[in-house]
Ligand code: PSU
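The chain below stands alone and is given in C-alpha cells; this is the form predicted on its own.
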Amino acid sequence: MDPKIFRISDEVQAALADGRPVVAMESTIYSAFGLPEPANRECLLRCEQVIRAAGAVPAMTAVLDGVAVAGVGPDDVDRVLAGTAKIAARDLGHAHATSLDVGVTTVSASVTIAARAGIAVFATGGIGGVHRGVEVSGDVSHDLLAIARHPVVTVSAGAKAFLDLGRTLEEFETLGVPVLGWNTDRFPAFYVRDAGLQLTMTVSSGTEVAAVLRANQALGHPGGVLVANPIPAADELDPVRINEAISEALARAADQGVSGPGVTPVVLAAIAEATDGQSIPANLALAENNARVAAEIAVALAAGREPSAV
C-alpha cells in the first residue's frame, strides 16, 4: 500500500503480522469534537490502558498530513487531540488530495481504515444512525452503511439518544447487520442503558462474538457486526432528564436552522447543562467500557487466527 495515502504504525503492523489482537479506535471522541480538555486526554489514556491490560494493541485512527493512519504514534497524539476537522469515510480521498494537516475520524472513516489495515475490532462511543424527521430530511448516517460494508466488529454504547432509534435498528436489519446485545436484550442509547427497544440476539463473551463473525465469513455473509454494550449501570444518567434535554435542544436547533452533523454539538451541550456536567464522566465510563469489551473480542478472535503478513 502507498505510504503517501495509508500508513500503519510499526507497533500495529507487527501485532497484525504476528496474529496478535488489535483494537481500532476512532479519534473524534478524543478531540475537541468529542470531549473538552483535559477529559479527552484522560479518555484516551483510560481506553488505551484497558486495551493493553487485556493483551491487545490500541490503534487510534486519524488523517495526518493527508495520510490515513492506523495507529497514531505518541508524537502525533497532541495534534489529534487538537484536531479541528472531522473526517467521514467519504472525505478520506479528498483529505489526501488536499494534504489535510489533521483530520479526526468518525465511525465510518475509522471502520474503513480498520478494514483496510486488517483490524477486525473497533471501539467507539456511540454510532450515528437515522435522524428524527428523516422522512423530510433524508438524514441517515453513513456509519450504518460503513458497518454493513466492512467485516469489522464495532463495539458501541448503542446509538446517540437524539436519533430515531427504532428506525436505526430497522435500517440495520435492511442492511443485514447483526446487532448483538452484550449481556442484554435491550438496545442502549448512549447515556441510557435501555432505549425501550428489544434486541433479538444477545452475546455474553468475546468468544461468542468471534464465533458469530467467523460463521458469517464462512457462510459468505458480508460485512460487519454491531455489539451494543450498555453504559455501566453505576454511570447511567437519568433517562427523564436526558429526554427532556434532547427535546429542548432539537427544538432549539430547528429554530436556528441547524441540521445534520451540526445538531450533535447542540444536543451534547444541552445534555451537559441539564446533567450539571455529569455527561462528561459518563462519556469516559462508557468509552472505557467499550474499549474493554472490544479488547476481549479482539483477544478471542486472535486466539483462532493464524499469523499473516500485512
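In this text, residue numbers run from 1 along the sequence as written. Small disclaimer: the values here were computed from a predicted structure and weren't measured.
Below, we turn to the form predicted together with the named molecule, even though it does not appear here.
Inset, instruction - Could you confirm whether Pro58 comes within 4.5 Å of the named molecule in the predicted complex, counting heavy atoms only? - result: Looking in the predicted complex, residue contacts with the named molecule do not include Pro58, since no heavy atom lies within 4.5 Å.
Legend entry - Exercise: Ser141 in contact with the named molecule in the predicted complex, heavy atom 4.5 Å: Yes.
Legend entry - the named molecule contact at Lys160 in the predicted complex, heavy atom, 4.5 Å: Yes, Lys160 sits close enough to the named molecule in the predicted complex that at least one of its heavy atoms falls within 4.5 Å.
Inset, instruction - Find out whether any non-hydrogen atom of His131 is located within 4.5 angstroms of the named molecule in the predicted complex, and reply yes or no. - result: Taking the distances in the predicted complex, the answer for His131 is yes, it comes within 4.5 Å of the named molecule.
Inset, instruction - Select, from the options 40 to 48, 24 to 32, 59 to 67, 249 to 257, the stretch whose residues sit within 4.5 angstroms of the named molecule in the predicted complex by heavy atom distance. - result: Only one stretch qualifies here: 24 to 32.
Legend entry - Option touching the named molecule, based on a heavy atom within 4.5 Å in the predicted complex, out of Val72, Val107, Ala117, Leu165: For this set of options, the contacting one is Val107.
Legend entry - in the predicted complex, the residue from His96, Arg79, Arg186, Lys86 that sits within 4.5 Å of the named molecule by heavy atoms: Partner contact (heavy atom, 4.5 Å) among the options: Lys86.
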